[in-house]
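Take a look at this one chain, the form predicted alone, written out in structure tokens.
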């Protein structure tokens, strides 16, 4: 009961913070019929800036970190990304009215990672004074790529069974295509620059000061997009809405449990455990949709993108972040 009360207080407190307030504000003005439109080019630039900042910080931290501290959390990130897709593949296609391709694409999107949710969680932890290793956000690709690859492999196997063909699914082109995606390219570029160069001056004077302001605009865009996608979600099976509501919390709790093991085994900070849970609860809003559209053309974007954007992302940000923060207080005594 004490943990529930702490979650309620944390949730109410987060409603007053810019991260969640801008997300809900975007949904509100969209519901009221506002004509506000933020150009796609602005959105893409903001995402690039946020991911570069995350990558630079992660690279600079990895440069000074012990490899042994990173190995187990990275392994957990890979395992969680794959487990999310396996669970979604097992559950979703068995629900009434859900096509196998739609279920697999949805599982892949929820196994991949949202840059906006990750950035929002970092700001919340900073505001709450919760310390985490700067390399933890760099676990993004360790969860994102395996989830997308596994979903595409599952879809390929299903399509082969349907057609009676036995063509081998090639893994490397899928990985290469994911790495070339705009989101992972920006994150990995920042990571490499932070690791092999000395970008501290430009990081401190440019990328870091702009981080929170740009994130607030991104949250506004996400809120508007989330409300717009609700109409798409109504046209497909309602099971997608239920999955999008429950899955982010289940996925995050799974990662929180495994992250807690890493905490006791390698000293991963409580903040790192919370951030790992948030990464797992998120669902891709940048790299995932175009990758899955191209690789699983038989899947209905209204199902997997609609459920992710309209319900999954708001759940991960509005409910997931306060929930894992409360668990951090309860488990680690933050």
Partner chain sequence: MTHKATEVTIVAEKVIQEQIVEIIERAGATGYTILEGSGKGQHARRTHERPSVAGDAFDIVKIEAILGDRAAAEQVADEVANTLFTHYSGIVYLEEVEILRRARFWR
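Bear in mind that the values here come from a model prediction, so they are computed numbers and not experimental data. Positions refer to the first chain, counted from 1.
A second form of this protein, the form predicted in complex with its partner chain, is not displayed here; the remarks below concern that form.
In plain terms, the part of the chain that comes close to its partner chain in the predicted complex, with a heavy atom within 4.5 Å, is 215-223 out of 215-223, 128-136, 74-82, 150-158. Taking non-hydrogen atoms only, residue 65 never approaches its partner chain to within 4.5 angstroms in the predicted complex.
In the predicted complex, its partner chain stays beyond 4.5 Å of every heavy atom belonging to residue 267. Its partner chain in the predicted complex comes within 4.5 Å of a heavy atom belonging to residue 229. Contact check for residue 60: no non-hydrogen atom falls within 4.5 Å of its partner chain in the predicted complex. Contact check at 4.5 Å (heavy atoms) against its partner chain in the predicted complex: none of 238, 242 and 249 pass. In the predicted complex, the residues of 25-57 lying within 4.5 Å of its partner chain by at least one heavy atom are, in order, 37, 38, 40, 43, 44.
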